[in-house]
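One chain comes next, on its own, written out as C-alpha cells in the form predicted alone.
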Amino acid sequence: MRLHLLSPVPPAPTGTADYLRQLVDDLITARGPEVVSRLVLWDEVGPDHPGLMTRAGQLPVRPAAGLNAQAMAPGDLAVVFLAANTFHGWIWGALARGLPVPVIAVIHDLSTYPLIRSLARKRLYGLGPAEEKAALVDEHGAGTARLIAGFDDLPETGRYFILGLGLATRQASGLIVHSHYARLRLMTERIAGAPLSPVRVARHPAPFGPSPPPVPPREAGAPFTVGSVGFFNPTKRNHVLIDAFAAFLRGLPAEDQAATQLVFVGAIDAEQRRAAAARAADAGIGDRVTFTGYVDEETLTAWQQRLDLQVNLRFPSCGETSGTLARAQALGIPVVVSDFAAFREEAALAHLPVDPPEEFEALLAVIRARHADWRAGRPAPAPRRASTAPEPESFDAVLAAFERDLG
C-alpha cells in the first residue's frame, strides 16, 4: 500500500507545510526509513521543486497537476491535509472531483466554509455552487440554501461556527483531528447524509524531532519580551494584547519600560500592520512594538527562544490547534492561551476567558506576574491543562489503526 500525502510542502509559507515535514520524520522514526518507499507527496509545485528533506533523505514532490486516477493504484491510501487557507484550495478541488482510493482526511481547521465559499464564487479548482452546497448540506440539511444566501449578514462568531466540511466527510473513510473538541463537534453536528466515518484524535508531530534545539543564553540586558507568533489575524486577539501590554507598561517606572518589548512574529498584510502599528502608537507604545513579517523556520525558532511569554489567544476559533503553540511547548516557553474550544486541552501557564473585559484584565495580570518572575530570576510556574480529556495518541498510531480498519 502506498500512502499518498496531499498537502502544502515547504517552502509554502503555511504551518501545514512545516507540519508535513515534521510528520514524515515522525513516521520514519516510528516505522523505519523503509516507509519512505511507500510515501508519495503531492503539492501545487513545478517539476523543478527540490523535494522534501527528511531524516531519511530527499523525498520527491509530485506536481498536483498530475494527480489523476492513473496516479493511484488499487490498495493505495490517500491522506489529505485540510485547512482554511488558500494553500489547500487544490486539495479541496481534488476531493470535489473524487479520489479513486480510500481517503483519510486530516482536519486542521473545523471552519472551512468561508474558504470553500470564496473558491466556489471564483470558480477556482473546479469548485462552484454545487460544491458550495455539498460542503454544508450534511450539517444544515434543508436550511443550507438560506444559510448560503444569508451568510455574509451573520455576526462574526456565527460565521466561525459553521463548519462546511461536507466535501471531506462524505468521501473520507476516516477522519483525524487534533483535539477532542473537534472530534465531538464533528460527531454531534451532522444532521443529514450518510453516517460519519470514524474520527480519531492525534497529537501534533514533534516540532523539532527527538529533542528541541538548546536555548541559547540570554544576552546581558535583554528586554522582557512578550510575543504573538504565526500569521497575524484578528481572531488571535492581537488588539487585546496591544492594549494589555500598554497598560502593563504604564504601571512600570520609566527606566523599566525601556527594558520591555512586544513582538509579532509572522506574516502580516500591509493594512493590518498599519492598523496595529497605529493602535500601538495611540496607546503610547509604538517604540516598544516590533513586527517581523514572515520569517523562515530558523529565524522563527530564534525569535521564540527570546520570548519570556508567548500569547496564543484565539476567539472566534476555527476549532484548530496551533503549530506555533506546539513549538513553544517543546521549547519550554511559557504560553498563555484562551480558555476556549481546542485550546482548553493544551498545557499552558494560564487559560484566559474570551469575554473582552475579563480577557483584558486576565491577560494584563498574567503579563505582570510573568514580569515579576522575570525580574526576580524565577522560572515561570509549570504549565497545566484546563481539560480532563485524555492525551491524544501519536499520528502514527492513529494512522496505523485506520490502515488496519481498511486492510
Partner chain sequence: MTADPHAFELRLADAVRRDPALRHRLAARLEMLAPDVIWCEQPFLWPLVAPLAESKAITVVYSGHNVEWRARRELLARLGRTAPAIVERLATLERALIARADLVIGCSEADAAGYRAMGATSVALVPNGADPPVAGDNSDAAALARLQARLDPGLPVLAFIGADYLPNWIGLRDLVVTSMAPGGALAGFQLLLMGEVCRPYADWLRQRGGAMPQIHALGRVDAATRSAAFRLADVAILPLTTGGGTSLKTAEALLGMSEVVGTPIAFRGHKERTGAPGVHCVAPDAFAAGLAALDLTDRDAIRARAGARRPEVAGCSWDAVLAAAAADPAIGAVLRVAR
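Owing to the predicted nature of the structure, the values given are computational and were not obtained by experimental measurement. Positions refer to the first chain, counted from 1.
What comes next is about the form predicted in complex with the partner chain, which is not displayed.
Student: Taking the partner chain in the predicted complex as the reference, which of A275, M72, A247, I191 has a non-hydrogen atom within 4.5 Å?
Tutor: Answer to the contact question: A247.
Student: Go through G209, G158, G251, P198 and name the one with a heavy atom inside 4.5 Å of the partner chain in the predicted complex.
Tutor: None of the others qualify; the residue that does is G251.
Student: Given the stretches 53-61, 40-48, 357-365, 340-348, which is the single one in contact with the partner chain in the predicted complex, using a heavy atom cutoff of 4.5 Å?
Tutor: Result of the contact check: 357-365.
Student: Consider E131 of the chain shown here, and say whether it contacts the partner chain in the predicted complex, taking contact as heavy atoms within 4.5 Å.
Tutor: No, E131 stays farther than 4.5 Å from the partner chain in the predicted complex.
Student: Quick one: is D243 in contact with the partner chain in the predicted complex, heavy atoms, 4.5 Å cut-off?
Tutor: Contact with the partner chain, yes.
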